[in-house]
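This document opens with one chain alone, in structure tokens, the form predicted on its own.
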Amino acid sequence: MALAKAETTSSQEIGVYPIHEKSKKLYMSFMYVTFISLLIGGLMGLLQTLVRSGKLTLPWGIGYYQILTVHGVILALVMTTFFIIGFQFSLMEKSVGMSDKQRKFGWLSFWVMLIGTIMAATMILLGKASVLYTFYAPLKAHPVFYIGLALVIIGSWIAAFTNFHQISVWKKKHPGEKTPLPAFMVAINMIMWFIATLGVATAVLVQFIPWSLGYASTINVLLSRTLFWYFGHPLVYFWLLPAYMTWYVIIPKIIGGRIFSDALARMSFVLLLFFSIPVGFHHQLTEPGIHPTWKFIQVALTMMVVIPTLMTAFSMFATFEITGRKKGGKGVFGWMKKLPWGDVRFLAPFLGMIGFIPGGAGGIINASHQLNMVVHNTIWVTGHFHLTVATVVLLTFFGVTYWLVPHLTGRKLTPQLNKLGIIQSVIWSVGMLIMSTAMHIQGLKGGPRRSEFSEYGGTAQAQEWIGYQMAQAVGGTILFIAILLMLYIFVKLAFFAPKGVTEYPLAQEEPDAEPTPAWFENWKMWIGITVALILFAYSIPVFDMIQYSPPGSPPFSWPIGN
């Protein structure tokens, strides 16, 4: 009976709601913050690589760890979060609609996040929060920095519950129908985000803010780091799942195809919900105070993420092949010639997909207990981070920008801007290939992460790193050129491109696809399994950290004495 009910709605159209003009202003506000953040964070990244090459000394008393903190916080936390929430709001409105009241909460989310961002960024720029984006204790920042981060999280929660309310309203109007695939994906991502951010919110509100204000003299360092990585690893999937949304429901439409399997897409997202959160210990494999048994369990859970990743790869290349063959592609690989390689809306995300191959392989190495001992706290990890986030995620987000911004501004992606976009995508890929490869090799040679240029007293091992740091500066320079080109394209699409109508490209499912089982709508079951896995993986270790913790640490500020 459940399957029969689902089958009657399997041909339901996706994206039947128009985006209101008032909503377009809201979503573009998120985009403006995104690209301003890209410029600021990208400039800080360029300065980092130049300092690490030994060819640049920062002027005016600016500290290396100050720009390193700006780079991490602005790009990894601010830019990604603003883009994702703006993009997901647009997906939700196209899929299930948005009321005026919901739109007001969308604006509330934006302003709370923006105020928090300004507060945190101000403290970093004043040199009062040079604690990197992980803000590891016992390094202490100014209380305003932590309060700003808390506001960013609270703003994102407002967005999450607005999304949940949108689905609830839609379900009441469409009883018995499956949630449209884009809305289902957004809901999974925001459920994961809300559960994950409970960890960092607890650390900030209960530990860091009282400690930074002087109400607590010490802090439980191990607990604070554990709460951060409880959030820090699912943060990666919070970035990645909107890229998956694009691959599953946008790219098929752009290439003239259809969604390969609605059910497979939903299952991959459900599995990512299960296995994205209870895995933070694989970032703490060298951390004392955590029993090896719990580290092993979380490493095993980490490896489970490979399953939905491979499901996604299978689904995407099945979509590419089916579409290519329908367009006349012959032979084993003839279908590849029929894909729209000259369309930047496809090429940029595809280059991101290719970057996911070495990025995913590196992730398996990082999560393996024995191999992690070789690369832990080396710049290999930074290279991996730039392959996954700065390649897979950002190239996909750039691909979205080429159609989302003109759709919101009532303009067109001209052939000239499309060509510039292709050039930008290639430049970005080349720059990232050079920089990330140099980081990986230097990491295997023992080069540390988070450190500025040093010859370490002229030791022979440190001399081996300098050439790779020079290569990173070359790659970073190329990447900054790509950033400037992307910003030029964004400004053109937002303000100067010719007026016109740009489609919001949401694909429909293959007409002969298997019906989606109705049990995918059992949200209580998915959330219940997720919570059970988290309690299994974290409850006993966290209890031990609280019950048997060593004496806490007093605060330290950077530079020492601040």
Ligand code: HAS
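Start at 1 and count along the sequence shown; that's the residue number. Treat the numbers as computed from the prediction; the structure is a model and nothing was measured.
Beyond the structure shown, there is the form predicted in complex with this ligand, which is absent from this document and is the topic of what follows.
Student: Do residue 151 and this ligand come within 4.5 Å of each other in the predicted complex, heavy atoms counted?
Tutor: It does not: once this ligand is placed as it appears in the predicted complex, residue 151 has no heavy atom within 4.5 Å of it.
Student: Does residue 282 reach this ligand in the predicted complex if we count a contact as any heavy atom within 4.5 Å?
Tutor: Residue 282: yes, in contact with this ligand in the predicted complex.
Student: Using a 4.5 angstroms cut-off on non-hydrogen atoms, would residue 411 count as touching this ligand in the predicted complex?
Tutor: So residue 411 does not count as contacting this ligand.
Student: Please determine whether residue 488 contacts this ligand in the predicted complex, using a 4.5 Å cut-off between heavy atoms.
Tutor: Close contact is absent here: in the predicted complex, residue 488 is far from this ligand, nothing within 4.5 Å, heavy atoms only.
Student: Any idea which of 114-122, 454-462, 361-369, 155-163 reaches within 4.5 Å of this ligand in the predicted complex, heavy atoms considered?
Tutor: The contacting stretch is 361-369.
Student: Let me know the one among 193, 83, 247, 211 whose heavy atoms come within 4.5 Å of this ligand in the predicted complex, would you?
Tutor: Flagged contact: 247.
Student: By the heavy atom within 4.5 Å rule, which residue out of 450, 337, 445, 291 makes contact with this ligand in the predicted complex?
Tutor: For this set of options, the contacting one is 450.
Student: Are there residues in 211-240 with a heavy atom within 4.5 Å of this ligand in the predicted complex, and which are they, in order?
Tutor: Residues within 4.5 Å: 229, 233, 236, 237, 239, 240.
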